[in-house]
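Have a look below at one chain only, the form predicted on its own, in structure tokens format.
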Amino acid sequence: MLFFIEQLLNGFQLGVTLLLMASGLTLIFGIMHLINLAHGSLFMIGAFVGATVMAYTGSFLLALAGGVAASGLVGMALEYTVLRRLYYREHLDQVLATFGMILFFNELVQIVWGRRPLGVDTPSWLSFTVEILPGVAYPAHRLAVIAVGLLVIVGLFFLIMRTRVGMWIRAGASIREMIGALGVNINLLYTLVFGLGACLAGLAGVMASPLMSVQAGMGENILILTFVVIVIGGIGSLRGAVVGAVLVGVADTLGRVYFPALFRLWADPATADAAGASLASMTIYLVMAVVLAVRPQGLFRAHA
């Protein structure tokens, strides 16, 4: 039971990381109607810049600030120079253009940082465990990821639902021509929204960097999971992104832990591990198929 609770928390931590990615991508697609496959590249840039700042300064907080700022600036530059021309184009054009940006950024980080993966140590002030339940000690860094993610999402909900800027964003998502006619600089608003989504991706990259290797192409795997989250939760729904991220994170983590053990009940360890790993990788897609069979539009409507 204690092991299950620990794995459940691991799944929740993965879900919060996916939520940071999905919330930014939901903003971009829900507001701009833009399919941005390069969102994972912004996650990667945040991780690389954060790892570099951490290596030179030894400060995780500076690494966090540097990674978030770098992703935000790169994201706004990308929107201004490339993506702004794609708003009124077909989705296929957006997919092809942003897929090209994935290739560009993967090559760029290899030119700048090389092909060898970078490692990021957990900061010393988070290198301890917290006994969250009797007998359940959990790493403080993973708890920090959960706490930061939840705080950011609460702040994002407040921004979108309770501020004038949020009103502009929601209005721009519905009728962009009207909000422009009312005197709001829609191009600047779109750039800032895209920058906000990029900052969230960079934040996710830096927070997750001590838990994974920082390497070229690291954004693609998490991008796939992020799109699954958005499809399950409902395209354009922040509330759906929250629910979808938790479902995907928990299902993926528990599947990878328990399916191999389940197959070992009637198969040899090698076969069980192979079959369990294969089925575990399918778990989130099975969850998505079940949700779409019941609610083809996702769990929540757009902008909910």
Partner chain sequence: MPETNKRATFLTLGVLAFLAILPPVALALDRPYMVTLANRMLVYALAAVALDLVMGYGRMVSFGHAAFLGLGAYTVGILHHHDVMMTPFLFGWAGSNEALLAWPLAMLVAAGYALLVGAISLRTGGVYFIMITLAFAQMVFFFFVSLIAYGGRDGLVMFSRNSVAGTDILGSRVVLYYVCLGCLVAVLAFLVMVVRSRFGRIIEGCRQNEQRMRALGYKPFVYKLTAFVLSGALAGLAGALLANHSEFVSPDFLSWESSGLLMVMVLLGGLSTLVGPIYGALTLFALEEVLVAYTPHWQLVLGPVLILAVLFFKGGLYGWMTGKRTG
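These numbers come from a predicted model, not from an experiment. Numbering follows the first chain given and starts at 1.
Below, we refer to the form predicted together with its partner chain, which is not included among the displayed structures.
- Although the partner is absent here, residue 243 lies well away from its partner chain in the predicted complex, with no heavy atom inside 4.5 Å.
- At a distance threshold of 4.5 angstroms between non-hydrogen atoms, residue 267 is out of contact with its partner chain in the predicted complex.
- Interface residue remark: residue 29 is counted as part of the site for its partner chain in the predicted complex, having a heavy atom within 4.5 Å.
- Put simply, residue 230 is close to its partner chain in the predicted complex: some heavy atom of it is within 4.5 Å.
- With its partner chain left out of view, the stretch that reaches within 4.5 Å of it through heavy atoms in the predicted complex is, among 180-188, 144-152, 80-88, 196-204, 80-88.
- Residues of 34-62 lying near its partner chain in the predicted complex, listed in sequence order, are 35, 37, the criterion being any heavy atom within 4.5 Å.
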